[in-house]
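Single chain ahead, written as structure tokens, the form predicted alone.
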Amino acid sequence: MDRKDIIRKSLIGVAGLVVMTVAGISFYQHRHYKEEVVISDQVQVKKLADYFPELSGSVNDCNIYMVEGSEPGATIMVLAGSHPEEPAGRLAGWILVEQAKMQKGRLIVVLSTNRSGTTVTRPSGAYPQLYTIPTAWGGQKFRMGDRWTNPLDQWPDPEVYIHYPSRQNLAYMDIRNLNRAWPGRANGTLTERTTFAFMNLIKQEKVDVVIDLHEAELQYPVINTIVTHEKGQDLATMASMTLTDFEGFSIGTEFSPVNLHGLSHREIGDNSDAISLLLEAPEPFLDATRGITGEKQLLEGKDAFVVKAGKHGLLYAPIDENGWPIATRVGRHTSTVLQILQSWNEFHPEKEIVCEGVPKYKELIEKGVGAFLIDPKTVDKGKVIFE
């Protein structure tokens, strides 16, 4: 090997080390980035490990926000971040925590249901690690996540994932998919232990309704809908009809397949007294035919490739040049959650839940998501919680 070869290979090695170092720092910063949540005097913060101590100290020992009303009533739980690559659900949850004023009943909100999934983005997906919601004080940053538990926290995947306890065979990677791991088990994987802990929470807190917030690609048939366990069919149908008639957007109802296991809308309803519902809003960012998966596309919901796919009849939800902006998607979730609460009250006047202060669909479109986030610098440090 001559001198030139040695120099060339040395330079290539140094360049590789530089790239590895820069990437490693970036990955570390994303995994440990602290998102700020402002809580009111009504909010009590617990940990998931309070319901399953074996999770204590783990990455998935997430915050549980309990917004208590001044009068007794129903208990409603909202799960956000089951799939952290679906940001509208987490942002809707943020608004619920920071803006909800409970008069009757109790609202339980989880912003990072699979917290491990918020610490990584899709391998080879070119996702942004962070995205910024514009606000009057200059913007608030949030972590972008992935659909699955971070492989740093749970690995390896099996060749076939056998769901517990149904023994149904599922795709191998779905062993890290929190929304395929319900109802979980105490001695299972991290993802299964997480859903097991949530089942304990649901039972111990006597939750009446669980609402799981999601987004889906427009090429996925279950979209713009409320997926409901059979126990919640009347509730979901009434909410769907009312929203379609009065809120300015249409939303359908899908019934949870009895023989498809692992999903929250099936297993929570089967394994607890709670009614289980799941909401799906459109997210063009996830479509296979999409263009660049950057922050702009994530927030604006515009993609010429997805629009073209729609013109060829390949989509299950409409899209045009206006796209599906983040405020529209978040507004669909907040309005649907609020309408579910109102519909619940019509069926259960003896056990009402009354929530005020949360913006609906039209107000979010008009003012933007950032108008309903509270500047952490304007409140006492004790009112700021980190996700």
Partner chain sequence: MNAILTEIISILYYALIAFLVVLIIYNMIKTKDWKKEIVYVIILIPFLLRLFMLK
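Only the largest set of C-alpha atoms that superpose within 1.5 Å between the two forms is called the rigid core. Residue numbers count along the first chain shown, from 1. Just so it is clear, the structure is predicted and the values come from calculations on it, not from any experiment.
The following text describes the form predicted together with the partner chain, which does not appear among the structures shown.
Undergrad: Under a 4.5 angstroms heavy atom criterion, identify the one residue in G138, P221, P156, G313 near the partner chain in the predicted bound form.
TA: The residue in contact is P156.
Undergrad: Pick from 260-268, 195-203, 180-188, 75-83: which stretch has a heavy atom within 4.5 Å of the partner chain in the predicted bound form?
TA: In short, 180-188.
Undergrad: May I ask you to check whether V120 falls inside a 4.5 Å heavy atom distance of the partner chain in the predicted bound form?
TA: Within the cut-off, so yes.
Undergrad: Decide whether R8 counts as a contact residue for the partner chain in the predicted bound form under a heavy atom distance cut-off of 4.5 Å.
TA: Taking the distances in the predicted bound form, the answer for R8 is yes, it comes within 4.5 Å of the partner chain.
Undergrad: Evaluate L152 for contact with the partner chain in the predicted bound form, applying a 4.5 angstroms cut-off between non-hydrogen atoms, and reply yes or no.
TA: Residue-level check for L152: yes, a contact with the partner chain.
Undergrad: Does Y33 reach the partner chain in the predicted bound form if we count a contact as any heavy atom within 4.5 Å?
TA: No - in the predicted bound form, heavy atoms of Y33 and the partner chain never come within 4.5 Å of each other.
Undergrad: Answer yes if the CA of S10 moves 2 Å or more between this form and the one not shown after aligning the rigid core, and no otherwise.
TA: Passes the 2 Å threshold, so yes.
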